[in-house]
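For reference, the chain that follows is the form predicted alone, supplied as C-alpha cells.
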C-alpha cells in the first residue's frame, strides 16, 4: 500500500491582514488602529488633489508627513504606559502596527524630500551631509528602518529576546533625534515641537516611575503631570534663549497669557493628568469586578 503525504494546511490570506489577530479573526482594536494610521495619509492625499496644500504642495506634504511620523512615534511610546495604567493588556496588539506606521510616514517624508530635490542622489546625499537638521533626521530614519526590519517574531527568535530588546531600546534615541530634527526645522515657531517634546517626555517619565514600582500610583502620576508641564516650559524657554536670546523669564511669563492660545506646558500637564485619572478608574473597575 503506497504511502500518501497529507496536503499542507492552507493558510488564509486574511490571517495576515493588519486588522486580524493571530488566529485570523477580525480585531476591532486593530481595525480601529489601522484606520487611524491610514486616515492622515488619505487626508493629505485629498488635500493635495483638491489644491488644499497651498502654493507649495510638495513642501507642505513633507511637513505634514513629518508631523505625523512624530505623532505616531508618540502613540507607539504611549502603548506601554497606557497598558500598565489601565491594565488593558490588549493594547499590545497595536504597538507593532503603530511602530510600522511611524516608519511608513517617515519613509514617505524622506521620499517626498527626495522628489523635491529631483531625485538627484548626489545632491540629496550632499544636503543630508551638510545640513545638520537633515543629518539628524536621516539618522533617526535609519534607526527606524532597523527597528522595522526586526519587528517580527522571526527576528525575536533569530536575535534572542535580550538582543532584540536591546536593539529596540533605540526607540528612545530615535525619539530624541526626531524631536531635535523637529525643533531645528521649525525655525521661528517651535510651539508644535515643544508640545510633542513635552508629551513624549511624559511618556518616558512614566517608564522611570514604572521601573520603581510607581507606574500606577495616582500621586506619582500627578507629580509626573506637574513635572512634565514644568519641564516643557523650561525646554521652550531654553530653546528660545539659545536660538534667539529671548529672555527666559519673558518666555516663561508668556505661558500665563491665555488671551490668544493655551501654551504647550498647560496642554502637556492636562494630558498628564489623564494618567492618574485612568489609574483611579481602572482601580475602581477592578474592585467592582
Partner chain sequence: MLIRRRKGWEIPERDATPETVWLNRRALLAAAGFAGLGLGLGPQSARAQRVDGDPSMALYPFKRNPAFDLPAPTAESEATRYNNFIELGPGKSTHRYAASLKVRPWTIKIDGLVEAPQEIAIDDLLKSAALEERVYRLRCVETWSAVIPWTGFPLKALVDRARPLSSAKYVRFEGFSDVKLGAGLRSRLYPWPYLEGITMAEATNDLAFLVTGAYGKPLPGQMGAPLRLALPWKYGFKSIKSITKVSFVADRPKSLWEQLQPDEYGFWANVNPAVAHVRWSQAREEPLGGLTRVPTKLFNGYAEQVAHLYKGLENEKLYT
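Just so it is clear, the structure is predicted and the values come from calculations on it, not from any experiment. Positions refer to the first chain, counted from 1.
Only in words, not in the display: the form predicted together with its partner chain, which the text now covers.
Annotation: in the predicted complex, residues 20, 227 and 278 none come within 4.5 Å of its partner chain through any heavy atom. In the predicted complex, its partner chain lies within 4.5 Å of some heavy atom of residue 120. When contacts are judged by a 4.5 Å heavy atom cut-off, residue 274 does not count as touching its partner chain in the predicted complex. The shortest heavy atom separation between residue 180 and its partner chain in the predicted complex exceeds 4.5 Å.
In the predicted complex, residue 90 stays away from its partner chain, with no heavy atom inside 4.5 Å. Put simply, of 152, 157, 188, 165 only one has a heavy atom within 4.5 Å of its partner chain in the predicted complex, and it is 188. Of the candidates 246, 231, 41, 222, 246 is the one whose heavy atoms come within 4.5 Å of its partner chain in the predicted complex; the others do not. The partner is not shown here, but in the predicted complex the stretch 49-69 reaches within 4.5 angstroms of its partner chain through a heavy atom at 50, 51, 52, 54, 55, 56, 57, 58, 59, 60, 64, 68.
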